[in-house]
Ligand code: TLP
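Given next, in structure tokens, is a single chain: the form predicted on its own.
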Amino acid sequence: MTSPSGIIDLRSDTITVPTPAMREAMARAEVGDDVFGDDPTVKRLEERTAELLGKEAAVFVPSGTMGNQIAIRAHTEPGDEILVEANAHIYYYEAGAPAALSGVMCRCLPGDRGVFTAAALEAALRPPDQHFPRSRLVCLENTHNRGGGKVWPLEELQSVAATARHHELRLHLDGARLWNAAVASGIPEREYAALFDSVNVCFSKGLGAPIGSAVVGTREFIARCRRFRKMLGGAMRQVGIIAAGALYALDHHRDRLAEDHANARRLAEGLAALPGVELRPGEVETNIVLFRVRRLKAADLAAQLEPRGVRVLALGPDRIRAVTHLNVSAADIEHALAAMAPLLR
């Protein structure tokens, strides 16, 4: 489904708009006061999400950033240390929230497109000593945003998780695009989630809902998360209207993520054939395409594409991100390539 604006917007999968059927579901939603636990649609969404991920309970939150941050706060105490890959969303794109909101330090591990090894984790752990912060929580991201939509291999996840458990560390998964990982790998979301104490999933990216994420875990853990959700201003009232959009997305938009992945591969193949582009199509596993331009600045390419009806995101002097999603069709990909070709040549 092409964007209603006619613009082919490849900046992110966050720019999706609800389909007419999703809007209808939202308009018909039963609502109540969610802070009092009275919203039946939110309850159904939380139960459905927890069931899909194989956990006891879930809590609905406004954004993925809030989901990650209440999970970090629920797992840690001020002065603790969390271990993350150096390009993780939690560290790179959440405005310093681990330090500001939870009083924890981030220890950054080197990774390959967002994936680090059990050996890297082991090497980063500090011995027990009063001089050091307490290592408490390991956070992983699947798929990895700055890794170009990289899917963590299950065996690597299992190895990292085993090392973390050996050292009595807790595990949190930033699964904003876990739906994409499951479709691309054929591994159910609950199989990934089984390795973690908590998982954050997003409804407003590839699934196309307008708002919302959820954190899952044990009932006790989610009760603690609800306290921190309230503390951060994320407790909402008659929120069933937007929870209905997320429920619709879970039931109707998960399998179609394969279309986004196919469109991303076609875009990558077309770009790789153009001169002045540095790109490895084989690394495009899901819906994110990262490439470098050699003959002009990334910001200049983005600016010149705008009047041609195509939007991309400049990530640095020569790096571009393009993301496929619900509002980008196969025909849109061909149009985008046709718009880019003369500029890149």
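Treat the numbers as computed from the prediction; the structure is a model and nothing was measured. The numbering used is simple: start at 1 and walk along the sequence shown.
Keep in mind the form predicted together with this ligand is missing from the figure; the text below concerns it.
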*asked:* in the predicted complex, does each of Glu94, Glu141 and Ala176 have a heavy atom within 4.5 Å of this ligand?
replied: yes
*Based on heavy atom distances of at most 4.5 Å to this ligand in the predicted complex, which listed stretch, 23 to 31, 63 to 71, 48 to 56, 302 to 310, is the contact stretch?*
63 to 71
*asked:* How about Arg321 - does it come within 4.5 Å of this ligand in the predicted complex, if we only consider non-hydrogen atoms?
replied: yes
_Taking any heavy atom pair closer than or equal to 4.5 Å as contact, tell me whether Arg229 reaches this ligand in the predicted complex._
no
_Test of understanding: in the predicted complex, would Ser12 fall inside 4.5 Å of this ligand by heavy atoms?_
yes
*Spell out, yes or no, whether the shortest heavy atom distance between Asn145 and this ligand in the predicted complex is within 4.5 Å.*
yes
